[in-house]
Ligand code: IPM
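Heads up, the chain below is alone and in the form predicted on its own; it's given as structure tokens.
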């Protein structure tokens, strides 16, 4: 089969982890006989430097013409001036809007081999396997008015937290559908004791629940959820929440798996269902880590596992996705580690070496076991 893919390496370590993921994609092509046409574009800081904007119309059009998008990372100190009119993150927000991506899925799975590679007690995180579903188009990041201004008493700023019934309902449906395909438990996270938008969120979750009688629904305030993720993370199956809450909670949850370098994500334009490919953008949850750029240090596994999500959700290639996940698991089982998940007795490898190991494993192993 032939697929058209948009590749946006971005800034910092983005080009490095994307390059290793392309190696893995080539290994999948070699093993399974698929053809992947790769189309490269700029986004974020590099686009600002070249074109004066974080996302050009040409790059957006390129992405719209492909089956899926793979992205590295955006941003860095070079573009962090709080007075700047254009920021690298504007490119990512514009891409989500332009591609109509509303559901961000972040997988948090603690591999047995990495149980002792985190700062949390092994007995707390052993068996953690959860998904956070984050709404992408509403909330503080997109609400209007959004501005800063000078008053006679000093400077002021405002951001608006706004949600429509449609936006809330469709993301809740993603959460319910995912929970139905997993362990049938959905945790809806809000701040209904304070925010009107959260009270609407909770009301709609209650109204939708009868459509999914096989799914257990619980409501949890975001601060309580933050605590429970550290105290009893194995109690979670699928978490669904609004834009900013999801952004913060998933970074916290990444520490359960040992490192942000281990966690993939998918931003989708619809509800993922087995056998029904859907357009999506795939990226690691980590940032551009400019201090690590060019040093062959970054962990490419989150980006490689994001590729696995792309194969499964957007290309309908479930066996190939399992092959990628299995190769990652096997390489880790053999004791190879990048610096962020390094442990005593393991073999330290760099970004390129990890990419080579996973790629070689895909070609060599048949059949492969999922990690």
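Note that the structure is predicted; figures quoted are calculated from it, not measured. Numbering follows the first chain given and starts at 1.
As for the form predicted in complex with this ligand, it is not shown, yet the points below apply to it.
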Worksheet item: Is every one of 271, 273 and 274 within 4.5 Å of this ligand in the predicted bound form, counting heavy atoms?
Response: no
Discussion item. Check residue 202 for me: does it contact this ligand in the predicted bound form (non-hydrogen atoms, 4.5 angstroms)?
Written reply: no
Worksheet entry | residue 113: touches this ligand in the predicted bound form, heavy atom cutoff 4.5 angstroms | no
Worksheet item: Is the gap between residue 292 and this ligand in the predicted bound form 4.5 Å or less for some heavy atom pair?
Response: no
Fill in: Exercise: residue 278 in contact with this ligand in the predicted bound form, heavy atom 4.5 Å
no
Fill in: Answer option from 224, 255, 93, 195, heavy atom within 4.5 Å of this ligand in the predicted bound form
93
Worksheet, complete the sentence: The listed residue (159, 89, 207, 165) that reaches within 4.5 Å of this ligand in the predicted bound form by any heavy atom is 89
Worksheet item: Where, among 186-194, 133-141, 225-233, 207-215, do residues come within 4.5 Å of this ligand in the predicted bound form by heavy atom distance?
Response: 133-141
